[in-house]
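The chain below stands alone, shown as structure tokens; this is the form predicted on its own.
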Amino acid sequence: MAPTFSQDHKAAIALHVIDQPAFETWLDAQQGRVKTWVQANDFKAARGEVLLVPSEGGHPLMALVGYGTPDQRAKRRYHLAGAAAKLPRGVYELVSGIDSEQIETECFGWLMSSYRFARYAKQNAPDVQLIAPKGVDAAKLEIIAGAEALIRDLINTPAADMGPGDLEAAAGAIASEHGAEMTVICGDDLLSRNFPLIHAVGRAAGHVADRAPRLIDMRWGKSGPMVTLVGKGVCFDTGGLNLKPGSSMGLMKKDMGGAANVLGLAQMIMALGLPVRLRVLIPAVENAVSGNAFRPGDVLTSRKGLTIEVNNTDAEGRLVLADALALADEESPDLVISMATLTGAARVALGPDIAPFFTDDDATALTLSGAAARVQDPVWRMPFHEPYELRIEPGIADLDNAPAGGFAGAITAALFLRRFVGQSRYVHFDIYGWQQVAAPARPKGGLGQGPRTILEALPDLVNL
């Protein structure tokens, strides 16, 4: 169920979020009984501290949430969401304490604090509701929170229930909801329609109909700038014949996190009615092991005509994205964005919380970085470092899908993808898509990384 705000003002409990440096001033302004109760309970407005103040009749009069100091807040996100997990059941209405620059992000965090993945087992969430504060675009935040919940649900679903066919069905449901057009090219039709890389990666699972490789192509909008989103949809990644060890395979249900994130972003764009021509391309495959699996040493020819030496079948994501990006570029959209759980090297460089992105355009990079700071969806620009181009050229083919040496893996992967985009402005996100340890508004599991930043930046990126 999508997170929503409450409309029940009559039942609302006043919620005071108190900055610790201003706590004494706030306390001095309170009535004697409230002041006595706060002092008796030793409330000091420390970050994450929560206190319920009763009325004379014993009913909740107000709730106090410690906001800590600015330095403490800089090291954490979603402070209000942390408080929501500690508050008793009820409806709360924010009275004071959060400035206008942070209020929407804090409200988004509160909405997401109710998210639980409950497909297979009941997961209890705190029954605490918030009334949207004045000045907050409640409808927009509910759309964004609903899309984030969708992203998490898709990633959290095990591969047994989220194969290529299931991912197609999920995309179809979104298309149907918003009146988008969707076509799918599946199985051996990929060869006749010139998507050889998608077919090569996914053919080992193709003997099962709903596991066959496919290209999902969704279109929405009749006017405005053309924005094309490309998401890696590897629904499970064994590594292929370069088989992953078991410890590395355990989280590979999330290898379709790029597809999940672009679907969530597409849902935001369509639900908000942004004036763009949107296209979503998802190469959906399962990288399996079978007698017809593609092999190390194979040389494959891409849709664009570039040949690729396969030096590691576990570097399959860039292969399926290559054909999809080549298709995207054929109609020269105003902006192409790809999202993928592509390289472990990106996580080594920036850790799991920050999504690196690559672009040649400085203005685009500045716009994305500024948007990320405003919505607290952290991203960081990485370079398309030209001298590393030589590392992806193996000699017997145009490109190498897995350069030897182990250095600059995120950059060489991004450079590989860039070869399949011509004149279109291109941004690539190498995301993790997973919350390792539960935190406020982010239970352990699937996670959106980048869509809120892109949505915030989109009007400036394509001059809406």
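All residue numbers are counted from 1 along the displayed sequence. Keep in mind the model is a prediction, meaning the values are calculated, not measured.
Below: the form predicted in complex with a small molecule, not depicted.
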Using a 4.5 Å heavy atom cut-off, state whether Thr343 contacts the small molecule in the model of the complex.
yes
Is Lys244 close to the small molecule in the model of the complex, meaning a heavy atom pair under 4.5 Å apart or at it?
yes
Is Glu148 near the small molecule? Define near as a heavy atom within 4.5 Å, in the model of the complex.
no
Does at least one non-hydrogen atom of Ala397 fall within 4.5 angstroms of the small molecule in the model of the complex?
no
Picking from Ala159, Ile103, Ala315, Val276, the single residue whose non-hydrogen atoms come within 4.5 angstroms of the small molecule in the model of the complex is Ala315
To test your reading of this chain, name the stretch in 248 to 256, 76 to 84, 377 to 385, 108 to 116 whose heavy atoms come within 4.5 Å of the small molecule in the model of the complex.
248 to 256
